[in-house]
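First comes one chain, alone, set out as structure tokens in the form predicted alone.
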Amino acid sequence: MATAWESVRALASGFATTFKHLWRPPITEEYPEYKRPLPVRSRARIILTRDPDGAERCVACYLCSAVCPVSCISMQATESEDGRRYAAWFRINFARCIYCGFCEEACPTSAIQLTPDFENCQRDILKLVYEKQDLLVDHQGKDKEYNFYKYAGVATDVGAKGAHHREEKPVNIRSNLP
């Protein structure tokens, strides 16, 4: 049980902190003119990046939409003539997004990346639904040299099976039979 002396001492300590800050000059940051630098790993606006060759990185694997705890990501997969998968449409509802970063961690191609751009406020909630053309940027983001199709082992215009970076030649399963 607390004694009366401990209660008075705790109260005096609180008032001392208040009075110490009461006589300091205020520190005012003019927000639109001065923007406090954010940490490098801060998570805010989501972008879709491109490969070093300029093609879209997203292969529409649905991992980002599956891992999203609030189901704010949706897309539809399609395939081009050269065998590359891509998202025919890709949509993120930023009104529901909690910026957890699970989509960035689940993405096998480093297509989804979160940037420190946190100024994303609208009066109309429907303007917070971003389509693929709103999210797609013309750079590689954090992973400058990574190209999924050079490592994936998928036959595309980058190379045939067994011709990719650090990939062994395909095994003929019929030769392994007795």
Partner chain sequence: MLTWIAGFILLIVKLGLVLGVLLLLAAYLVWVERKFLARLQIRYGPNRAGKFGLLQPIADTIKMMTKEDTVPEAADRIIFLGAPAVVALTALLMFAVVPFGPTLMIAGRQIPLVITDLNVGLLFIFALSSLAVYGVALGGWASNSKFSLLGGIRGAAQMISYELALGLALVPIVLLARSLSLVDIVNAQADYPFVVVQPISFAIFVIAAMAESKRIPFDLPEAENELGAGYHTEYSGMRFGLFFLGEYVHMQVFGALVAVFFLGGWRGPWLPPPVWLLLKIMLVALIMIWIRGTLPRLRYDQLMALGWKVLIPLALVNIMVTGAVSLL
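Numbering follows the first chain given and starts at 1. Rigid core (definition): largest C-alpha set, two forms, superposition within 1.5 Å. Just so you know, these numbers come straight off a predicted model, no measurement behind them.
Absent from the display: the form predicted together with the partner chain. The rest refers to it.
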| message | Residue-level question: is residue 30 within 4.5 Å of the partner chain in the model of the complex, judged on heavy atoms? | response | yes
| query | Can you check whether residue 21 is within 4.5 Å of the partner chain in the model of the complex, heavy atom basis? | reply | yes
| remark: Per contact check vs the partner chain in the model of the complex (non-hydrogen atom within 4.5 angstroms), the hit among 46-54, 32-40, 111-119, 137-145 is 32-40
| said: Only counting heavy atoms and a 4.5 Å limit, does any residue of 66-90 reach the partner chain in the model of the complex, and if so which ones? | reply: none
| said: Aligned on the rigid core, do the two forms place the Cα of residue 33 2 Å or more apart, comparing between the shown form and the other one? | reply: yes
| request: Pin down for me whether the residue 33-residue 138 Cα distance shrinks or grows in the model of the complex relative to this form (closer or farther, change of 3 Å or more). | output: farther
